[in-house]
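As a starting point, one isolated chain is supplied in structure tokens, in the form predicted alone.
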């Protein structure tokens, strides 16, 4: 098997879609390249007194919209090619779901498990300092977010460091995915997994498309396998189960387990917490390898780990009729072709995992507007609903209980509005992409790229050559 080049894979998908557009080749070439690539190295003092050099990157792919936006991952797999690919995907993902950001991505090449919390904080703060010095961070410049190996804690350290160095009144908008107390937004933690659920549910609701797959419309009773029970995979599985689907398989780093009658997510997570993994879980069969479950019987396969998980080696054996790409780049172009020829519906990453950046957009808006969503309208809505209910009581001679009033007259708080905005974004974008797919007789990935390329190309065309 040849060496996997992620950025080249992204550009291959781009070129395939670009052939369906009428955009000038020069503009297409500009769209593909990464505008700014920052490679940093810096020393930190370990807890034992030794000095270690840390390596990291930040890539800004496209400045057609500002700020640029993208996560920061901590992993030994981080390199320049991967970071460029992920930054490019962010551009196309944001355009596909109409989130007004250019794409960016960052990463630090470390095995997080080998560092203390104090050392991780040092690395995060020094990396932030490098970004500030090179003008690669700011609420109107480039706004990082969590990714693999990072979370709200690291985003809080980034904000605190940025504030110490600058006097920006909009400082909270320099990063998203922060703790609520530091300007974060309710609903961000589960946003990517929630978006995966909304996207899959919308795909399953299309009776015509489901007939082609031999599936009944609707999510109820559909069997799914998820790879990775990190933030994205866990919440995708949680909402899928709440929607009526049945989880039959799980793949993790240490093992994969399968039970055709269903696996209890809460029980499996408890086992994982107690044992440090899922190997040996006695309410499902532990399979020979940690990827074997990807090839087991199911309706929906949700790869929610890292890139290059579905490849030419295992794609011929995958039985799922729907591939829901919750991770970035989980399917190679070779695997995509194989799965498509087998008749699978691939819901692509450049649409499906856009829930995180969508809610990050809401958090950024909250930060630069300096007001919590729902603060100004929630009570007004509740009082208006109560007046309507009062009229209904008078006309119908029916009295609502206090519990009914609380439910029926509830105004939209921050989490309600975020969830509603995310649902609207994912549903609207899916139908736009699916329509493009049918117009050009292509797959959803190519449809999502066509949608993104045309939107970005329109802006580039209006910008002119010179600033």
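For clarity, every value in this text was computed on a predicted model and none was experimentally measured. Positions refer to the first chain, counted from 1.
The form predicted in complex with glutamic acid is left out here; the points below concern that form.
Using a 4.5 Å heavy atom cutoff, 105, 356 and 360 all lie near glutamic acid in the predicted complex. Contact check for residue 69: a heavy atom falls within 4.5 Å of glutamic acid in the predicted complex.
In the predicted complex, glutamic acid sits within 4.5 Å of a heavy atom belonging to residue 328. For the chain shown alone, residue 146 is a contact residue for glutamic acid in the predicted complex, at least one non-hydrogen atom being within 4.5 angstroms.
For the chain shown alone, residue 90 is a contact residue for glutamic acid in the predicted complex, at least one non-hydrogen atom being within 4.5 angstroms. A heavy atom within 4.5 Å of glutamic acid in the predicted complex is found for one listed residue only; from 83, 128, 256, 176, this is 176. Note that among 236-244, 138-146, 261-269, 209-217, the stretch whose heavy atoms approach glutamic acid to within 4.5 Å in the predicted complex is 138-146.
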